[in-house]
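Only one chain is included here, represented as structure tokens and corresponding to the form predicted alone.
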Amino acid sequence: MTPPRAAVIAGASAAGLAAADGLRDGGWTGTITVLGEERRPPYDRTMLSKGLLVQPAAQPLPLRTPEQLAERGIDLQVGHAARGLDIDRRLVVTGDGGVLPYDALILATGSRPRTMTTVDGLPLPGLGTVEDLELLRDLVDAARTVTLIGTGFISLEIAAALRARHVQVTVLGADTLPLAGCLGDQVARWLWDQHRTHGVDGHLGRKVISVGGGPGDFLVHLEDGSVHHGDVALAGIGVVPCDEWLIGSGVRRRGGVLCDAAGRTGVPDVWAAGDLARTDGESPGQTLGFGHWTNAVEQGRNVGLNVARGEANAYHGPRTFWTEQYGHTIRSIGTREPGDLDETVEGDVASGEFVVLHHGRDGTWHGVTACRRDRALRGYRRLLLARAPLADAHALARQQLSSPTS
């Protein structure tokens, strides 16, 4: 009797589990093994820097229950990280020295926070796991002041959560206006004003040169010569791919695992999904990822379907992300390209209820950002998926204004 075909998914991430679902939904009848590095079942990481940081003992929701995994015949192996790959013998090497043969392999090990250390080699805490969350809770419980290095989404979400806990927060970073590149100046300025209104201190437009001191008195040195003190210093300076285990494997890597829009890596029967996957962009050397939650799940499921059906359907879903700060949930679909105009077509940014279109001066429409207009946003998403022109977005805005919905 021929043994069942074996699918191995390296990484119990949202994309990895979505790929497992895609395999089953696509008709895969063989085994599915998902390897997870953490010793706990996979959970929703998106809330770590949001509501969970505010609530002293709350835990993130699991991505799948044991019953759901069993029903689909998915073998989740927690505490078993992928540590090596032999593409010639089709073997995945695990952290305990074991090997798993595969007929199809999906790489979905994701990313982790980029580390930053003090001049004495002490790593600054970041926020990427439940363990990081619990450590951060303990640190801020005993702190009067927290210094956040970085001005990205995670840093600003942490700042908002800490202010809800009445912790004094200082944000440091090289950007003069946080998130302006992806939200546009008007929305970014409104959001930063929310931080200032809630008591966040910001020293922007100056690079951090070094960090000295230690717990109780960190010393953060900026390029203008100023020094900022904090009981706790946190790093929120982006993420790096968890792809070092693939060094020497023959899988191409550049800021993650390179693949085409279908998820194929170029190595037979090896695919990439989620935050780890990178496709070629329009500019030479540019790569694009699927790091945001919705995209990671959609692209991961698409990879699973492709593997199961023997197809190579491309995933072209618009980039989708959201952030929650001070009771405002901001959602963005598509992209904002350098030089784009930001046109408010519904509501008013200053009121905290709006829809803003991002488009070039030539009328090329790239994306949309909205707050408190979730139902309206669905229509713009459909237009972006259809690659509709800007005129269609304007027509939708007029229709929404004539029959307003939230």
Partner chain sequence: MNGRTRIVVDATRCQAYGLCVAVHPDVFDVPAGSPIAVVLRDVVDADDVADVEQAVRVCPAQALSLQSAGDR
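Positions refer to the first chain, counted from 1. In this text the structure is predicted, and so the values were computed from the model without any measurement.
Note that the form predicted together with the partner chain isn't included here; everything after this is about it.
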Here the chain is shown alone; which of Q186, T294, S111, T145 has a heavy atom within 4.5 Å of the partner chain in the model of the complex? T294
Note which of D201, D280, E324, D175 lies within 4.5 Å of the partner chain in the model of the complex, where distance is taken over heavy atoms; exactly one does. E324
Verify the contact flag for E38: yes if a non-hydrogen atom of it lies within 4.5 Å of a non-hydrogen atom of the partner chain in the model of the complex, no if not. no
So, in the model of the complex, is T46 in contact with the partner chain at a 4.5 angstroms heavy atom limit? yes
Distance check, R301 to the partner chain in the model of the complex, heavy atom within 4.5 Å: yes
Heavy atoms within 4.5 Å of the partner chain in the model of the complex: does D348 have any? no
What stretch, of 340 to 348, 353 to 361, 377 to 385, 30 to 38, brings heavy atoms to within 4.5 Å of the partner chain in the model of the complex? 377 to 385
